[in-house]
Structure formats: C-alpha cells, structure tokens
Ligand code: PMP
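Okay, here we've got a single chain as structure tokens, the form predicted alone, with questions on binding and movement later.
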Amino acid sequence: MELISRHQKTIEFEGQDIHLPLFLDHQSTTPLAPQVRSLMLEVMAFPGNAESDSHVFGFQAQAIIQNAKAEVAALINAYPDEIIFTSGATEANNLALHGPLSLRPNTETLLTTQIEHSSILTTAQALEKRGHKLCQLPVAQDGTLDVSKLQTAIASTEVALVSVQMANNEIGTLQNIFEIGALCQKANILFHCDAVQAATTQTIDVKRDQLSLLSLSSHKIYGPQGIGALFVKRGTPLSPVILGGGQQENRRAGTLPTALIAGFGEASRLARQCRDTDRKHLMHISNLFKKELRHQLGANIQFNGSETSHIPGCISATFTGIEAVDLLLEIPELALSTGSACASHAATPSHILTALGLDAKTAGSTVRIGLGRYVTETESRYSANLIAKTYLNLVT
C-alpha cells in the first residue's frame, strides 16, 4: 500500500537489512498472519450469509463458521457450542459481566482486581451504579494477586461473579488462574477470565481452570480486527446484551461476519500450532532486549511486572528522568506505546501502574514494548540499542 510504503526505509544493522518503521506494539494489536489473510480473501469471494439456509451460499457460510468455531474452541479446550462470536474482546467482556449479573440480585458482589483492562473496570463501575456491589482487590508491586485476599473477600460477602485477567495488557503479569478457578468452584461462584493477552504463548484450558466464562480477541493472535469470542460454559445463565434476530441461540444477535470469523478460526489454529515456538522465540528476544537496555542504562531503567510469572514479549520499562512521550517522539523508527492502546489519549496516569505503587511522574516515564512472532533477533537488538542511545541523548 502506498500509504505505508512511502514511510518505509531500509537500513543495515549487524550486516542485515532492517525495514523501518518496526512494529513493537503487539499488546495493542498484532499483524495479520499471511495464512489468515489468504483464507479471508478466499472467503470474501462469495456472498454467503449463514442465516440464509435456503441456498448453497448460506450452507457454505454455515460450514465455514462451524469450522472456525471448532478451532477457537480447540484453542481453549472448550466445546464448539460454548463459543459466542462478538465484535471483539470489549464486547465479550461486557457480555461476560452484564450477561450473568443481570440475572442475579443486585445485593451480590462482583469481585475483580485494580489492574483489569478498562473494558472490565468501566463495565464493573456501570454495574455498580445500577446497584450491584463492586470489590476491586489490590495487587502486589509486581502485579500478582494474593489469592488469599480473594478467599477472604469471598468469605466476607455474597459474591456472584469473579473476573480476573489471565495476563495483564501493560505489564504482562500472569495470574494463578488455576488456583482462582478452584476457589470459585468450591464456593459455587461464576468465574470469568479475560485471556486476550495470553492466548499466543500460554496453554489455556477452561476445564482445567474451572472457568465459567472467558474472553478472546482475534487481533491479539494475528487474526483480523473486529471479531472476538466469549466462552460460556454449558449451563451458565446468560442474558444477551445485543438483541435482534436471535442469532447464536439468542445469546448475541447480529449477522455473523463470515470472513472475519474464518480469519479468527485460522489464527486460532496457528496459535495452537505455533504456541511453543512463539513462547520460546519471545522469551529469547525479550531477554536480549532487556539485557541490552540494562547493560547500557544500568540504574536508569527499571522493568515493571513479575519477573517469574509473565507473558514473554510484553516489556514495561520505566526510564528515569524523562517523559515517555518525549522518548517516543524521538524514535519514529519504532512503533511503541506509553500504555494500553485503549487509554492512549488519557491525560491521567495508567491505573495499572499506579496500582503497582508508581507515582504519577514515574508512571509518565514508562514505555510499553510489545514484541511479536515476526520480530527477529536482529530487530530486537537494533531496537534496544536505538532506545538506549535516544534516552542517553535526552538526558545528557
């Protein structure tokens, strides 16, 4: 595309060509996998609507959607009939909270943490305004939830639903979903997990972790934007949020976007196939990246989140003595962010970083680096060197 190519340039680093700008914001979105693109173009070539069951095009669309649903289900060890397609993870998170709680007494509590994605916290606050009780549990300095605090909260109040993110979208910290699931199962409480950031590198098993609901997003696993899914365990009560033609067993109305769903299904298949390779690759280049920054900047840089329980590729780095936005403006060669893409225009500091105990100034000095499947080792070293040199130029 001319819009993209006119901004591109090629440089040599360590004897290899690097095409700039480099995309290092994979927690916000991921590039479309070539296999996904090819399948979607094929599907878009015919006018099928899955609701039109009176002709061959409708039957073809139904078959494509059922195949994709099976692939998404296989990614998380669910049954295909437990998958509801949505417009994305934001809608899935809304449905996960509104759907069950609208059927429960508003005297019951929704338990979550202070570092959830904004689509969870904003929805939770809306439910609180409608009368439901809300409890946001604090986390440790590395972003981990002390499950004993959750256990205490469950014992002290009547809880309808627990919602905890599997991997945080800014700092990458992983929560102990298995232990939380066991606790919720024992207390007969519905358990929802936002697993959007974990699906490419972590083995997700809704049966093992005793989950009632789980949210996924296609464009975080190298699939298309505009499509997501909510896993709803068989027998889990759910009231629809979007009403209309009664599609998806009356759980979410709207014509199903066949090509997007096909792309999501293929991305899910690839995520399963590439999971171990992706995890090893991202661990390797993440370690190289952080090692290079530590070597050049020493005490002038700190990394946020858990060192031992985190998704590889998500790096939250605080640079002493500068504004993160100033650093980003000096590096047009790299696509980086100062936090969640959903809050990129917010004037206030990241709620995730402040929940870890960072003050506003320190939070404002923090950059999120998101490495991905197609980022090479050479590109990782080049990027770390460029960031370090740019930072040193700013502070000297």
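Residues carry their position along the shown sequence, with the first being 1. Remember, it's a predicted structure, so these values are computed and weren't measured experimentally.
Absent from the display: the form predicted together with this ligand. The rest refers to it.
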For this ligand in the predicted bound form, the stretch among 191-199, 302-310, 235-243, 271-279 with residues bearing a heavy atom within 4.5 Å is 191-199
Interface check vs this ligand in the predicted bound form: of 217, 173, 316, 113, the one with a heavy atom inside 4.5 Å is 217
Assert contact residue (this ligand, in the predicted bound form, non-hydrogen atom within 4.5 Å, options 286, 247, 119, 258) equals 119
- [ ] Classify residue 88 as contacting or not contacting this ligand in the predicted bound form by the rule of any non-hydrogen atom within 4.5 angstroms, answering yes or no.
- [x] yes
Task: Partner proximity in the predicted bound form: residue 212 to this ligand, non-hydrogen atom cutoff 4.5 Å - done: no
* Any chance residue 169 has a heavy atom within 4.5 Å of this ligand in the predicted bound form? -> yes
